[in-house]
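Okay, so here's just one chain, in structure tokens, the form predicted on its own.
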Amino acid sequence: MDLTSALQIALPEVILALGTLVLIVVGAFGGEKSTGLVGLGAGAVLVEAAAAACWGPMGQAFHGGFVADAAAQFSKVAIYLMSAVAIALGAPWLRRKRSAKFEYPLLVLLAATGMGVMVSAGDLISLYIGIELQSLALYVLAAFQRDDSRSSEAGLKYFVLGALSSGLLLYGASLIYGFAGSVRFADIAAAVHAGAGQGVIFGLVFLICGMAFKVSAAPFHMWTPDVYEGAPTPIVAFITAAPKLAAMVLFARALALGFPGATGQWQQVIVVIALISMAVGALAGLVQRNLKRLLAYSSILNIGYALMAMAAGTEGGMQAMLVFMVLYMIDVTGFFACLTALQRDGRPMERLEDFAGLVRVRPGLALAITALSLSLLGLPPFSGFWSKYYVFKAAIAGGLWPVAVFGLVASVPAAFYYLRILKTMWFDEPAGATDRTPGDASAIGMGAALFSFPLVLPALAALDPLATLAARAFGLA
């Protein structure tokens, strides 16, 4: 394949990379006055990249290192559109905090470029390049408010622990390459089928551990609560949404395409990680008073559900994982948007007691938080119920009914900490008046709440067949 054909297959990432370079020049010459223009340009580039991913050609490029298939197409459209939402949510918030800089939308663009490479990875090299391109941008975003000690601490912790996970991932990749003789997933699968030896399985375990860090699955979750609490709220909304989808798709692609002959081995590891994630996320969230830390443990719990679907090792499991991650991504972004919109006396409202009597002070946002909490809880007919329905159905069909039962049990303590939020908002005495609510953040939060119900019902009619088509790309039965 010539270079022109390869670049056509990688057109979404080419658009993002060239758009970033152009906007860097605009920002460098325009300075802080160009922040709004760079933000608008970045949003337009992301929408254009999503359109290119939707309508672009399929195939493999760069000697199989880059794959454009239905799974990549499905994931990129969701990732790029959610990245555009992150710019729309974060840029006005940073402007209100007098921290607006043109680098913010550029870092989101760079992270989105890395995520695009991740979901299209066809070998271990592109896997690592995509992860690091995304991660380096996220490290800087977590520490974006340099004058805030909590933000700086969050960025530093994220970076140090991320370097540790990258070491595990690289060590696993080197073992796999040494014993399989190739970095391409297709060649690794052939080597495993021919009996490459226990060294490949040993390397696979390290690879899974490194990937588990990227999705914040327990016991590799140690960075998540501190980063969620310390990083700026709209940036946390971005970190907890699109990067998780990208990492889960990469996780699934590496295991399904690289190790189809070792499904029994990697399935056991994924099941254990899913069980630990559900237990940690459900129980540790009970003692949290800071809502950002609570949502961190909620994300760990929900990643456990997604891993449970993936552990089924079937096409239905992959479809369930994709549907679950898209619906969860919308819910959690909406919840963080509501947190972004709320402050009292110039101070963010992040603690549970800050929400006392909120329904009498900000009824619109209180209703949105109520809908999103019930959705994250999994109550029908909200979107969270349908996402969990897909996951439990796939797990039971894959023979993992004990894991599904454990997941149902884990949802009980999780229901308690979501219901505690609702009790505080609806029945406690008001904690005082809040500051004027910004329209941008509240609109995103209320839009996500409307999607959770009733818009999710027509959305599922389109999402289900698209996810089914995307799941076939993983080549499972």
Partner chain sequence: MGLQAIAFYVLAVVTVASAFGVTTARNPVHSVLFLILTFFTAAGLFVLLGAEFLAMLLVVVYVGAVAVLFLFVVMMLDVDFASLRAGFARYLPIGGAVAVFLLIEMILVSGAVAERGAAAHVKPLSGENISNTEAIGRVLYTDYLYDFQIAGLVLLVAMIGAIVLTLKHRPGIKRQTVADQTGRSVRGGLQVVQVKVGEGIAE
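Positions refer to the first chain, counted from 1. Note that the structure is predicted; figures quoted are calculated from it, not measured.
From this point on, the text means the form predicted in complex with the partner chain, which you will not see here.
A.B. asks: Using the partner position in the predicted complex, report whether Ser149 sits within 4.5 Å of the partner chain, counting heavy atoms only.
C.D. replies: Because no heavy atom of Ser149 falls inside 4.5 Å of the partner chain in the predicted complex, the answer is no.
A.B. asks: Is there a non-hydrogen atom of Ala180 within 4.5 angstroms of a non-hydrogen atom of the partner chain in the predicted complex?
C.D. replies: Looking in the predicted complex, residue contacts with the partner chain include Ala180, since a heavy atom lies within 4.5 Å.
A.B. asks: Given that the partner is absent here, does Val25 sit within 4.5 Å of the partner chain in the predicted complex, heavy atoms only?
C.D. replies: No, Val25 stays farther than 4.5 Å from the partner chain in the predicted complex.
A.B. asks: Could you tell me if Leu250 has a non-hydrogen atom within 4.5 Å of the partner chain in the predicted complex?
C.D. replies: No, Leu250 is distant from the partner.
A.B. asks: Exactly one residue in Lys244, Lys292, Arg362, Lys101 has a non-hydrogen atom within 4.5 Å of the partner chain in the predicted complex; which is it?
C.D. replies: The residue in contact is Lys101.
A.B. asks: Would you kindly say which of Phe385, Phe392, Trp93, Phe206 lies with a heavy atom within 4.5 Å of the partner chain in the predicted complex?
C.D. replies: Among Phe385, Phe392, Trp93, Phe206, a heavy atom within 4.5 Å of the partner chain in the predicted complex occurs only for Phe206.
A.B. asks: When the partner chain is placed as it is in the predicted complex, are Val38, Ala88 and Ser174 each within 4.5 Å of it, taking any non-hydrogen atom of the residue?
C.D. replies: Answer is no for this spot.
A.B. asks: I need the one stretch from 308-316, 322-330, 230-238, 112-120 whose residues put non-hydrogen atoms within 4.5 angstroms of the partner chain in the predicted complex.
C.D. replies: Flagged stretch: 112-120.
A.B. asks: Are there residues in 51-75 with a heavy atom within 4.5 Å of the partner chain in the predicted complex, and which are they, in order?
C.D. replies: Heavy-atom contacts to the partner chain in the predicted complex: Phe62, His63, Gly65, Phe66.
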